[in-house]
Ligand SMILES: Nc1ncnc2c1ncn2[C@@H]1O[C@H](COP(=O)(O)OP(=O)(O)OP(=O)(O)O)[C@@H](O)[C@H]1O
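Take a look at this single chain in structure tokens; it is the form predicted alone.
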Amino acid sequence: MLVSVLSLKGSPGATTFAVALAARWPGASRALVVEADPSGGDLALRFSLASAPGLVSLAAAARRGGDADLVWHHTQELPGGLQVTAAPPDAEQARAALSALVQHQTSGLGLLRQAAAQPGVVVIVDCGRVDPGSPGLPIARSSDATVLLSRAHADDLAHLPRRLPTVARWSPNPVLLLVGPGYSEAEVARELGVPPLGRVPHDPRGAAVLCGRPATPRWGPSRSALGRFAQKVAGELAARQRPAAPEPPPLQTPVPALHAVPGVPPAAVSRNGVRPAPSAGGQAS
């Protein structure tokens, strides 16, 4: 499954939530976070990752083609085992690598789709802030689910009414999440006509673990409020992606046998099952 996490304004924590979502995804045998933020990546700095492999090396290798396994050759492992494809912190390098990756539908974006289509695999793409000119837009448009993060203040929400219908067309499973204080979920639903799935909890300690600080037994991703909320969202998205159970075949109603009718000889039954009416004398005419 390919899931894009993005915002339309500001920086409401898309990278942190993308990591939380992947770390708490239910039933996935392999989870991958791909940084596709054209403003530059954060994961390499947060977790002291090497400059390669990552988004730059993946974009270069994708030009020569390959299969779904190619994506996994350009990942690094975070503490806890989560695989990530980190973008360079420099915005110019990140934008160039991302543009090269999505330039060709088959060799770049197609590889992400192939990797995400493997059984038991989820690919969470941190698209950062997406605008009409963002090179990460093709990924958002081809995702199986879109998680839109928005702060709940009036100036942030004011941008949503015009663009929500567009975001809703990017994937069959768009989800709106509120971040931080501001309008309530009910107020947002009433004004926008779109009910938010929830509000990302304010959890500094839980977020710190997902930003590279050592976990403690009390504040690991599985115990923190942020981790539990991410698991709830992941469970909802995973359930939407599961194919519906096939409907049982309709019961075959047995065709009733035609029994002899007094006064009508068996030979008088036509091939289409219509019996001629018996004559007044009790014999067929």
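In this text, residue numbers run from 1 along the sequence as written. Note that the coordinates shown come from a computational prediction; the quantities given were computed from them, not determined experimentally.
Missing here is the form predicted in complex with this ligand; even so, the following discussion is about that form.
**Student:** Considering this ligand in the predicted bound form, which of 152, 96, 211, 175 comes within 4.5 Å of it through any heavy atom?
**Tutor:** So the residue touching this ligand in the predicted bound form, by this definition, is 211.
**Student:** Heavy atom within 4.5 Å of this ligand in the predicted bound form: which of 202, 159, 73, 104 fits that? Just give me the one.
**Tutor:** Of 202, 159, 73, 104, the residue with a heavy atom within 4.5 Å of this ligand in the predicted bound form is 202.
**Student:** Within 4.5 Å, heavy atoms only, one stretch in 65-73, 230-238, 52-60, 39-47 touches this ligand in the predicted bound form. Which?
**Tutor:** Partner-contacting stretch among the options: 39-47.
**Student:** Is residue 113 one of the residues lying within 4.5 Å of this ligand in the predicted bound form, judged by heavy atom distances?
**Tutor:** Flag for residue 113 set to no.
**Student:** How about residue 141: is it within 4.5 Å of this ligand in the predicted bound form, going by heavy atoms?
**Tutor:** No, residue 141 is distant from the partner.
**Student:** Does residue 188 make contact with this ligand in the predicted bound form, using a 4.5 Å heavy atom cut-off?
**Tutor:** Contact with this ligand, no.
**Student:** Although the partner isn't part of this model, could you tell me whether residue 226 comes within 4.5 Å of this ligand in the predicted bound form, counting any heavy atom of the residue?
**Tutor:** Residue 226: contacts this ligand in the predicted bound form.
**Student:** Going through 1-27 from first to last, which residues have a non-hydrogen atom within 4.5 Å of this ligand in the predicted bound form?
**Tutor:** Contacts from 1-27: 10, 11, 12, 13, 14, 15, 16.
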